[in-house]
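As structure tokens, one chain now follows by itself in the form predicted on its own.
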Amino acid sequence: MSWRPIARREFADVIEGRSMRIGMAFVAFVFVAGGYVAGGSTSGDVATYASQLSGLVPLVVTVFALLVGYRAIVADRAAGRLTLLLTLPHSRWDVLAGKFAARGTVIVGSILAGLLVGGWLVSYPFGTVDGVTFLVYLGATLLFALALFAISLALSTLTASPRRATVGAFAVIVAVLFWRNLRGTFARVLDALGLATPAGGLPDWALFVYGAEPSLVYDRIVEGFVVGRETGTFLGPDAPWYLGGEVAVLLLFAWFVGPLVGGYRRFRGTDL
């Protein structure tokens, strides 16, 4: 058998929950509201739209993607449903692929609906929407959401305890929330070790490590390719090439692929 029957059943089960439908509506509303605000300006465009949502989207998408995925495997495993499912002619790949497809569709559909309506509101009645720029913003946002979803799905394969999976998901959310505030702490630690710049800042290699966090990677892609910013530590003319937007795209793709591969390898070798 294939993953498709699992995906169909999983999708029906997921959207049946009231809290999930509320979450989907809220995510879509965030993008619609941003489009309404940006469209009210005579200079409204995709860059304005993306800039207005830059502080909110990483948080909202991170929380939503993690909450959608972190119980995908472990809840069925703890309840015994996973063992029963694998007695049927399904492989573990079928299970993981089906759950990824079903829950990923929920995430992609919520963001896509919100962005399409939001993009239309940006252009009406005074703004303009460049199709290529909008598609770049859409693609970056969806890849960011799927990367966080891949992390949550990997968390779900690492443990047999739903409580531990919950703690892991909460830890990722906290890390995303507070990571931006740790730059000064990292600089002080490196300064104490004699590894900081003469001005007491982060050297380029440390900036790369610090900036590899998914939400910061997403910000660089949006700022570089959508907003068109060419200033700052990462995107300025003096920044090394590996801090730029092109490498950020590769990093975000790695955040998507890496957890999926690692999660599947863990799931395949786990004794249920």
Partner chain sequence: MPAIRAQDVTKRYGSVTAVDRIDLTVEEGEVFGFLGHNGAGKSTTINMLLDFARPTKGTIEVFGKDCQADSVAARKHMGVLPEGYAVYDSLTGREHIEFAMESKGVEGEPFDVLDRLDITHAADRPAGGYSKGMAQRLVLGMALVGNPDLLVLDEPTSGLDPNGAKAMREIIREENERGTTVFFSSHVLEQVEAVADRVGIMHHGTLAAVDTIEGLRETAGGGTKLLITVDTPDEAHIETIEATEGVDSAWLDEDGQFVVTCEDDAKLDVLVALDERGVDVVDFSTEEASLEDLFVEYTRGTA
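What you see is a predicted model; the values in this text were computed from it and never measured. Residue numbers count along the first chain shown, from 1.
Separately, the form predicted together with its partner chain exists; it is not shown, and the next lines address it.
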Please pick out the stretch from 188-196, 103-111, 148-156, 75-83 that is in contact with its partner chain in the predicted bound form, where contact means heavy atoms within 4.5 Å.
75-83
Would you please decide whether Leu135 lies within 4.5 angstroms of its partner chain in the predicted bound form, comparing each non-hydrogen atom pair?
no
Given that its partner chain is not shown alongside this chain, does Asn181 nevertheless sit within 4.5 Å of it in the predicted bound form, heavy atom to heavy atom?
no
Taking its partner chain as it sits in the predicted bound form, is Thr87 in contact with it (heavy atom to heavy atom, 4.5 Å or less)?
yes
Looking at the partner-bound form in the predicted bound form, is Ser161 within 4.5 Å of its partner chain by any heavy atom?
no
Listed by sequence position, which residues of 13-33 have a non-hydrogen atom within 4.5 angstroms of its partner chain in the predicted bound form?
Asp13, Glu16
